[in-house]
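As structure tokens, one chain now follows by itself in the form predicted on its own.
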Amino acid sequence: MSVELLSPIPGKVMKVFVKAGETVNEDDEVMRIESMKMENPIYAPASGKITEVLVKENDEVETDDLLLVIED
């Protein structure tokens, strides 16, 4: 089963800490999004293997944009 991570806030992707093929644990920080001049950590919603990372650093995202997909 795959789990989609959607952006909880609008903003700019400051840092992406993972790439496709890597394994993450639930609550690992996978990226940071700057919103309203604050850097907000974004955490993995589940443990598993990253199958897709759909954003890169400096991308602008809106609330509910798909950021990455994890296969558990």
Partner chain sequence: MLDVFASGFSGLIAGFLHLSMPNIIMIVIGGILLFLGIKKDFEPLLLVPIGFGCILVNIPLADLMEPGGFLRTIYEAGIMTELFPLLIFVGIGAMTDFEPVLENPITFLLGAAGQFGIFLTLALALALGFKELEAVSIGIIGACDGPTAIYVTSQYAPHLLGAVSVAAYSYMSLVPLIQPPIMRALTTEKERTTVMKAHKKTVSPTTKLLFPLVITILGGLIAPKGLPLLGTIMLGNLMRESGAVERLTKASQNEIANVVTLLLGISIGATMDGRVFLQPQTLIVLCLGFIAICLDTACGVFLGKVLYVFTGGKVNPLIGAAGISAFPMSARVVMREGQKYNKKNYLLMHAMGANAGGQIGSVIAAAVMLSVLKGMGII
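Bear in mind that the values here come from a model prediction, so they are computed numbers and not experimental data. Positions refer to the first chain, counted from 1.
The same protein has a further form, the form predicted together with the partner chain, not shown here; the description that follows concerns it.
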May I ask you to check whether Thr23 falls inside a 4.5 Å heavy atom distance of the partner chain in the model of the complex? no
Does Asp64 reach the partner chain in the model of the complex, with heavy atoms at most 4.5 Å apart? yes
My question is simply whether Gly48 lines the interface with the partner chain in the model of the complex - judged by any non-hydrogen atom within 4.5 Å. no
According to a 4.5 angstroms non-hydrogen atom cut-off, is Ile9 in contact with the partner chain in the model of the complex? yes
Taking the partner chain in the model of the complex, which residues along 25 to 47 bring a heavy atom to within 4.5 Å of it? Glu26, Asp27, Ser35, Met36, Lys37, Met38, Asn40, Pro41, Ile42, Tyr43, Ala44, Pro45
